[in-house]
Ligand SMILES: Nc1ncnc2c1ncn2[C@@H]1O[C@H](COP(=O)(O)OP(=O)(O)OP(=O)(O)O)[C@@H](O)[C@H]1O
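In C-alpha cells, the next block holds one chain alone, the form predicted on its own.
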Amino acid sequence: MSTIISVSNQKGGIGKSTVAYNLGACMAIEHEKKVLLVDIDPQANLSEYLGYAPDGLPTLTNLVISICMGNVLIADNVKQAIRHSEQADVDYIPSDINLASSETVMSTAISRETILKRILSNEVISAYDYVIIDCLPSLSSLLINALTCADKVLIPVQTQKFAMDGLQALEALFTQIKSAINPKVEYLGILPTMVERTKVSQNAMNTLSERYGDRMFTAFISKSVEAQKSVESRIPLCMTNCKLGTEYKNLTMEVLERC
C-alpha cells in the first residue's frame, strides 16, 4: 500500500524541493523502494532537478486543467504524464509555470480540494511504496489538495531567526483539513534545514525542539554548497561521500521508521 508524503511549508527558499528529491532518491537507491515524485509547484524546481524538459507529454498542469474542465481521468491518462529519472531511480510527474494559472480554474471546479487525489488514484499509485509531493510555498488550493490526499506531512523549517513564521498558519490549515476532509492525515515530522554552527541557528533549533518535542526529526540537514552542486549535477546526495549525503541517509531511515 502506498504512503503519500506531502513536503510542505508556506515559506519559500527553505529546501523543500531538495528534500523531496533526495529523500525519494535515497529511498529508491539505498532501500529499493518504488517512489513517485509529484511536483505541484509552478516554479518547477523539483522537475528541473529531475532533468525534465518539455517533451510533448502531459504535465501536472494538463491533468489538473482536464479535471477542472469536467473530464474524468482514467489511470492510463495519468500514467502518460509519468517520467523516469535514471540518476535518482524514481518516477515523477513534472510541473511547469502554467500551473500557476490553474488556481483560477480550480476555484470554480466541483470538489476542487480533491483534484490531486483523483489524479493520484489507487490505480495509479498502487505500484509505488511512497509518493512524495513537493508543495508550493503558499496556502493555496494546490496545497489544500496536497494535504487532502496525503497520509503524512513533512515540514522542512530553515533554522534562522524567523523560523517559526508561517508555521502557525500551516498548522491551522492542517487542522482544518484533518477535521473536515482528510481525517487520516498525520504529521510525519518537523525537519530542520540549512542548519549552521551559529548562535542564531542553534537558538532556532532549540525553539523548534521546545515547541514540537518528539514531532521534530532527530535528523537534520546542514547548510552546504553540496546541495547546489547536487542540483546542478542531478546526482543524489546519498550517492556522494559528503556530509549531506550521510544526513539524507539518516533522514531516510527515520522517515521509513516513522511510516
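All values reported here derive from a predicted model rather than from experimental measurement. Just count from 1 along the sequence shown to find any residue number.
The next section is about a form of this same protein that is not shown, the form predicted in complex with the named molecule.
Undergrad: Going by heavy atom distances of 4.5 angstroms or less, which of 29, 63, 227, 204 would be at the interface with the named molecule in the predicted complex?
TA: Selected option: 227.
Undergrad: Just one of 65-73, 214-222, 51-59, 30-38 has residues with a heavy atom within 4.5 Å of the named molecule in the predicted complex, so point it out.
TA: Stretch 214-222 is the one.
Undergrad: Using a 4.5 Å heavy atom cut-off, state whether residue 249 contacts the named molecule in the predicted complex.
TA: Heavy-atom contact with the named molecule at 4.5 Å: absent for residue 249.
Undergrad: Taking 4.5 angstroms as the cut-off for heavy atoms, does residue 200 touch the named molecule in the predicted complex?
TA: No, no contact at 4.5 Å.
Undergrad: Does any part of residue 190 reach within 4.5 Å of the named molecule in the predicted complex? Heavy atoms only, please.
TA: No, residue 190 sits far enough from the named molecule in the predicted complex that none of its heavy atoms falls within 4.5 Å.
Undergrad: Does the 4.5 Å heavy atom contact test between residue 137 and the named molecule in the predicted complex come out positive?
TA: Because a heavy atom of residue 137 falls inside 4.5 Å of the named molecule in the predicted complex, the answer is yes.
Undergrad: Indicate whether the candidate residues 11, 15 and 244 are all in contact with the named molecule in the predicted complex, with contact defined as any heavy atom within 4.5 Å.
TA: Per the other structure, all of 11, 15 and 244 touch the named molecule.
Undergrad: Residue by residue through 181-208, which ones have a non-hydrogen atom no more than 4.5 angstroms from the named molecule in the predicted complex?
TA: Read in sequence order, the lone residue that approaches the named molecule (within 4.5 Å, in the predicted complex) is 194.
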